[in-house]
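Only one chain is given next, in structure tokens, and it is the form predicted alone.
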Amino acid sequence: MAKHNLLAHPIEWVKGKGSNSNIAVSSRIRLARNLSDFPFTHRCDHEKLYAIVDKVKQVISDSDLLKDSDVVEMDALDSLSRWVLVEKHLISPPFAGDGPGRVVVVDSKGVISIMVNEEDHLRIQVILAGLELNEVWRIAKKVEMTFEKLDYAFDSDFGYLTACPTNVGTGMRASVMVHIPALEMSKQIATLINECNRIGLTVRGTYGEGSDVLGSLYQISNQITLGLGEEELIDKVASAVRQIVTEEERARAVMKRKLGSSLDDRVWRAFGVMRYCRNISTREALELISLIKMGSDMEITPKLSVEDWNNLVLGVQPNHVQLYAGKELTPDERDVYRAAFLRERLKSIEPK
């Protein structure tokens, strides 16, 4: 996957074809696995890290499921290309740094990505649009079974052994990205976080642990990995997200009824700023995109498909902006090119 193909590489979740994808943006399952013959990644020397990579590559070449995947050595990519992968949710922010023996595997549809030698030897990740955790789990199990021949580090009492104790057990994080601007605007997020914590779930920022919330995009995921089976954890997350979807829809209906024309004005102002701005930051752009998507769902502004919305969210990210411009940019230059990107894209959804 050469640098110039990064924008063109398909990413399945962007298409927005899953259930409730206007609010439940994407479903992800991440499995942490380690090989029993090697120390954890942070204890491996360079020779061992590259030996793990060789073993993984051999499995991929023999696999019908993964043989057509792109296998990318991270050190062969420049910083811009690595961060594009972060923005597409194909790798984690820590994996975008420097270090030996780091490889990412991305399947031809952009559904499966595997980080080799991140915190664990294998971080298997599967993402689909909408609330589709059961289908994501079905695919993730197939990927996990593909690598079982490498002999996972497993304990009969504790389950899968991982570099971080919080992942021991199933080694699984099941998460759903939700777009909940109405709950945010009505100041119900604190209640949502407390309720999630009460039932063993956690609410994180747009790019996971330690990241900010941008454009009203939150990650809902399981907090524990030990003591419950994979299906139980998936059911817990899915049930919570279904309730969040219901609450967001209810909050939107209440806002539309109570705010009326003032809500219409706020949404249309967001549309106008995006359509004619000449300089805009990432944060402001994502806030405005969030507003016009909610306005579209509420039939206030012109129809904005889930796929178009997802592409707008990706397109205003700092590294996608630089790919759009075709060159590296200063922060101020990015704000100018981001505005140009938005003006161009919003032409297709002009009011009739």
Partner chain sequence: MMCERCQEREAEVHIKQIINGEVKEYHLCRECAETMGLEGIDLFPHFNFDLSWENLLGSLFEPFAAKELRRPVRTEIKCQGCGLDYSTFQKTGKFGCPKCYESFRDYIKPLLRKIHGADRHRGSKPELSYIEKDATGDELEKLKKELKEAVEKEEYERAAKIRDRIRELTSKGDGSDGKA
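Positions refer to the first chain, counted from 1. All values derive from a computational prediction rather than experimental measurement.
The next section is about a form of this same protein that is not shown, the form predicted together with its partner chain.
For the residues Ala163, Val86, Ile139, Val213, the 4.5 Å heavy atom test against its partner chain in the predicted complex is passed only by Ala163.
This chain is displayed alone, yet in the predicted complex one of Leu217, Ala153, Ala251, Ile189 has a heavy atom within 4.5 Å of its partner chain; that residue is Ala153. Although the partner is absent from this view, Leu35 contacts its partner chain in the predicted complex, with a non-hydrogen atom inside 4.5 angstroms. Put simply, Leu226 is close to its partner chain in the predicted complex: some heavy atom of it is within 4.5 Å. Although the partner is absent from this view, Ser221 stays clear of its partner chain in the predicted complex, with no non-hydrogen atom inside 4.5 angstroms. For the chain shown alone, Ile199 is not a contact residue for its partner chain in the predicted complex, no non-hydrogen atom being within 4.5 angstroms. Only one of 272-280, 70-78, 96-104, 229-237 lies within 4.5 Å of its partner chain in the predicted complex by heavy atoms, and it is 229-237. Contact annotation for 32-59: residues with any non-hydrogen atom within 4.5 angstroms of its partner chain in the predicted complex are Leu35, Ser36, Phe38, Pro39, Phe40, His42, Arg43, listed in sequence order.
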